[in-house]
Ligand code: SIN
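Below, in structure tokens: the form predicted alone, a single chain.
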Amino acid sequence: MAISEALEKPRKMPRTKARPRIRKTRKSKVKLDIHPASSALGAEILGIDLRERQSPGTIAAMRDALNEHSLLLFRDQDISPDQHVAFSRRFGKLEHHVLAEYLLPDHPEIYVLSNIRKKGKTIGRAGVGEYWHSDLQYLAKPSLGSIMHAIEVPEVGGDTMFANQVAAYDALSDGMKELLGGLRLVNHFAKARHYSAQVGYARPFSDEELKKTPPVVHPVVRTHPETGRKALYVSPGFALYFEGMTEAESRPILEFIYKHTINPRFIYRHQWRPHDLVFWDNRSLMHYAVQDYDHAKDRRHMQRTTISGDKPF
């Protein structure tokens, strides 16, 4: 049975005439030591110790850098969960993931991704994310960004790939931009269950978890609320079909988008080191966790906070 047939159809949302305003902020005067991570996206920031509370000017400069580069890398950040949460909160309210059993005890803002086993079970969610997606795209107000702290990583493997969806949109023809600009997409967390089953490490989602995340409709092309730039907003991990179309009618266009958005020239592949902290913008990037390491032998332990965002427009 097609996924869409097993789900309640999302209610059509009326289109509003008034468009949300772009929240352009004044540039910070603080100068950061920034070095591009790749030609596609991302920047490494040097000289920052996240165990310390950063000044408002430094936080504003980091937000400017995130808007420009879409991903910020901080190396050698041996921070505690308290420090991780405190830093993340400087950028907005934090989400509690719907899969509550994988939240860090006493720190429900931290979602644990780990294959380390204690008492016969993993202490976090293991072997997931091996599909292109933007975090929490299945919510009515998806995430602004995610902040991942790598505590233990395999000696080889376990990279994360990031794809620049602003660049992907810019590379489209004018005709395709016009077509996609008028489409809205039904998204659902249940779609990711298919990928989890393929990998075989993660348990399936419960009916109760899926009830908490009903289908939502988002524009195929979204406008960044701070920069005003347009980006494709279509994740294979959550996309079902276009509003007003069937799955069969939607499939050819979706397949084109899936292939186009992961062109190698849009991608940065991050090789994790212990105590890397990576902050990425879910409004302009997709990512993919590569499961190319031995889950029985290689330890991979990550902790992630997720910053609340706005309704896409």
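Computed from a predicted structure; not experimentally measured. Sequential numbering from 1, following the sequence displayed.
Below: the form predicted in complex with this ligand, not depicted.
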- Note on the structure: Here the chain appears without its partner; judged in the model of the complex, the stretch of 84 to 92, 101 to 109, 128 to 136, 178 to 186 with heavy atoms within 4.5 Å of this ligand is 128 to 136
- Message: When the contact criterion is heavy atoms within 4.5 Å, does Met148 count as touching this ligand in the model of the complex?
- Response: yes
- Does this ligand get within 4.5 angstroms of any non-hydrogen atom of Leu72 in the model of the complex? no
- Query: Given that the partner is absent here, does Leu113 sit within 4.5 Å of this ligand in the model of the complex, heavy atoms only?
  - Reply: yes
- Query: Is Thr213 close enough to touch this ligand in the model of the complex, meaning at least one heavy atom pair within 4.5 Å?
  - Reply: no
- What are the residues of 296 to 313, in order along the chain, with a heavy atom within 4.5 Å of this ligand in the model of the complex? Arg300, Arg304
